[in-house]
Every structure is written in C-alpha cells, then in structure tokens.
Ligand SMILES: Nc1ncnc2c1ncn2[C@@H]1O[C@H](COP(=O)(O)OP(=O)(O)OP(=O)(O)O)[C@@H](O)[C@H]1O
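As a starting point, one isolated chain is supplied in structure tokens, in the form predicted alone.
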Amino acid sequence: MANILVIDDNLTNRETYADILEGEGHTVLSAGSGEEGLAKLTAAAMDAVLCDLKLPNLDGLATMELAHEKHGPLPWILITGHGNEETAVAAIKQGAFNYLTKPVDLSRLKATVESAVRMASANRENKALRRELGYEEALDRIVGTSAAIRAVKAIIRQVAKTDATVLIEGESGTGKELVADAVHALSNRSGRPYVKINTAAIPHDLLESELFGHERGAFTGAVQLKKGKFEIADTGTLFLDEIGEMPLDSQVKLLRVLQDGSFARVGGNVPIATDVRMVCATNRNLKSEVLASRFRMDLYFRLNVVSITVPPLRERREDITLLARAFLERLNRRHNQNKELADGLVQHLRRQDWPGNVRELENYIEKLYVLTPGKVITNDPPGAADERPTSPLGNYRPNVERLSANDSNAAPSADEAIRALIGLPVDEVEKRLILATLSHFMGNKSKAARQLQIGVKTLYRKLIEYGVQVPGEEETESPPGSAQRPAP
C-alpha cells in the first residue's frame, strides 16, 4: 500500500493512528516531534504525512514548510483542535493537503489518508512522465548520431540514475554544459534545485563566498547573510564549470565538503549539512594539471568517479550536417524566415576542423544567416569573408584546398599556437606538429620528413595512425649536389 509518517507528541495518539492505518495495509512510521519527523523523511520515502498542528519547539506548520522546502510537495494532513479551523484552512493555502479536527473521526481519517495516497500516486506518475519527456528533450539537445555521441548519451543514461560525481572533459565549445544538463534532467533529483557556477568567471577572493555563502559582517561589504551555491543546491545538483581554473586554496575547501558532507559559511562556525550531487566540467587535462601541481590529486580522484569525454567536432564530422541544420532551424524560428543551406556549403562545413567546435560552428552559421539576403545560404555571401581561426598547429586537412604558406590568415601566431598546446597530451602535440609541417610543405612528405628529422616511412606510418589521406602525389627531391634531369 503506502508509507505514512505520523507526527504527534502524544504517544497514545501516535499508537492509535498507527493501528488504524496499519489495519488498512499501510506501513507507518512515527515521530514525537517536528525535528524527528524531518529526520525520518530524510531517511525514508513517504507517501503522506499525518501531523499534529501543535508540537513542541517546531510546530506542525513550520515542520510542513521545512519538509516541502527540502523534499518537495508531499500530501500533508494536519490535525488541529476545535477553534483552530482558520489556522488549518490557512495551512491548506500554504500547501497542506487537508486537515482533521480533534477528536479525530476514524472513518474520516481513513478516507482522508486514502485520498492523500491516491494524490501521491498520481503525482509520482506525472513526475515519471515529465521525467521521461525531459529525458528525450535533454538528450535531443545533444545533437548527433555519430558513434562517439551515441556513446556519450549511453553513459549519461547509465550514470544519471545514480548519485555518483561526474567529471565532464572536452575542448571548449564541445557542449559539456549540455551533458551536465542531461545528467541532472535524467536523475532522481530532476525536480530539485539545479545550480550552475563557472569557477573561472568568479574572482578568486570571492569564490569561497559564492560556493559556501557568508555570514553578515564576515568581511567588508557583507552587509547581510548570503547563502552559497552548496546551500541553494541542497538535495539537487551543483554544476561546477571550468573546475580546472579553481585556485588551490578553494580546492582544499571543496575537498573537505566532499569528504565531510558539510561546510560552514565564511565568517561562521556552525556546520551546515549538504546533500548535493556534484557534476564538474573542464577543458583542461586535469591529469597534466595534477602533475604540474596546479590541481590537487586527492580532489581529482574525488571528482573523477565517472568521467565523460565529449569528443571534438573534428572527430565526429558526420554530425556537422545535423548541427548546421539544427542551428539554421533555430534561426528560422527566431527570425520567422525559411532560409536553406546550399549543398555546397554543407560539404564545405564538413571539411573544416572547427577548433572552436560546436560553438564556433553555431556562430559561423549565424554569421552567414545574417549576411545572406536571399533564401539560400552559400559559403560566400556578400561580406562574409571566412575569418574562422584554424586549429593551432593543425592547418593540414585531407582533401581540401592547400593553404598558402604566405597567407597571414592560414595560421595563428607562434605564441598563440604554443599557448593552445598547453595541457594537451604529448601524442596530440606531435600529431598537430606533423600535420602542420606537412601542410606548410603543401603535402610534400619528403620535405616534411626532412624538416621533422624523421624518415619518410615513419611519416607514412604516423599518417596512417592519424587516418590521414594526403592529397596530391609525392614529390621526391633529388639528393643535394646531384644533377637535375631535364623534363622530357
């Protein structure tokens, strides 16, 4: 049947209500105070609560308000003495399901509890339906049918149902926040608070206050008490974006919260318990950050319970068409137009590397959309010179027009390129260097190998590993000092 919580400071009343309800097939838990009742609500899921209005310390109305704040709406039946009906009616306006007057009519008690149980059951079904619909919506926002994206969605479905901490890794612009949104939407906490904070956007000296809150007078400018993100997200999900940018002193405090399950506001000493599901994201390689002593190893292992890596767009080119058309559809709805992408443009988009990933593609489509006066969007509308940045040390792309070595727009500056490599694995740096060198020599493998001081066979082997088809035929240079044969 149902799980019913009875809260009454009178032992005889508790036992009487429990006997009646257990006789109807329900499971009954009892509490002698509001505080004890809240603790039992935290420990076990209840379908309805039967609560006396007058309780010591924390009365029935205050107990109900705290329970609703922490656990969400729950059918709450208040029991009041004669003359307090106005208070009970006011309580109904504040969220109570119904009320009973003393002495309680046992037949009415049974009927009221049955109605509350039916309402709880209907709420659960509606919540499950909303969650199921939310599942599809949350996952549909992650556009793509490639094997890589299907794998990401499969992990989301699996991990979302747990309370495990999730670390989302990937380059900037790949859609890590959408993954975090889906993890929360598919979780059992989907109806609870979902709080986001970008740690890189908060000044270091204010980050602790943002996370944990502060007491009035804790520091200059703290004119009133402020709740932090951990407190606001209690019973829900807290998403920490750009976790790799968090300073070391804040990392220590975050680790303590994860270990103890409690924190104190800045300027306060009272520990505050928190029940928060942690989801973090970073575009940095945290393993490299740990080795460089910029990120705590113990915190890394605390956060990296389940890791989801969002692939860059260049590794799932088959999704580019879907993404481009999705962005176009959104723009058409926003501007009430019906523009289309030319086939040639779609093919052009799929050949690009998109170092800024999905975000860059979205911005590029919007630029073409705005600059195209007609219905069909091409890759060269008036005023739309392609100023997209290319991948640092990675201009070479198979089966595309060769880049001019003298083109100032063909590559970023050396300083920019080096900075872009910080945090990447050595293998990835090597790959980008080899492809950039090959691009510089217009696909000539002999020249590229000589510049890289490796053999041509080694270069071939590396290209095969990268899955690269080199355009054009190999041009073999004559050894230094040898005579050049005239062309026949």
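Note that the structure is predicted; figures quoted are calculated from it, not measured. Don't overthink the numbering: it's just position in the shown sequence, from 1.
Only in words, not in the display: the form predicted together with the ligand, which the text now covers.
- Heavy atoms within 4.5 Å of the ligand in the model of the complex map, among the stretches 105 to 113, 186 to 194, 221 to 229, 141 to 149, onto 141 to 149 alone.
- Although the partner is absent here, Lys447 sits close enough that one of its heavy atoms falls within 4.5 Å of the ligand in the model of the complex.
- The shortest heavy atom separation between Gly175 and the ligand in the model of the complex is within 4.5 Å.
- Proximity of Glu171 to the ligand in the model of the complex: non-hydrogen atoms within 4.5 Å are present.
- The shortest heavy atom separation between Phe327 and the ligand in the model of the complex is within 4.5 Å.
- For the candidate spot formed by Val6, Cys51 and Thr87, no residue has a non-hydrogen atom within 4.5 angstroms of the ligand in the model of the complex.
- Contact with the ligand in the model of the complex, defined as a heavy atom within 4.5 Å, holds for exactly one of Asn98, Asn283, Thr372, Ser250, namely Asn283.
- With the partner omitted from this view, the residue of Ile79, Val358, Ile243, Ala160 that lies near the ligand in the model of the complex is Val358 [heavy atom within 4.5 Å].
- Between this form and the other one, the CA-CA gap for Arg350 and Ser439 widens by 3 Å or more, being larger in the model of the complex.
- Contraction of the Ala448-Pro355 CA spacing by 3 Å or more is recorded in the model of the complex, set against this form.
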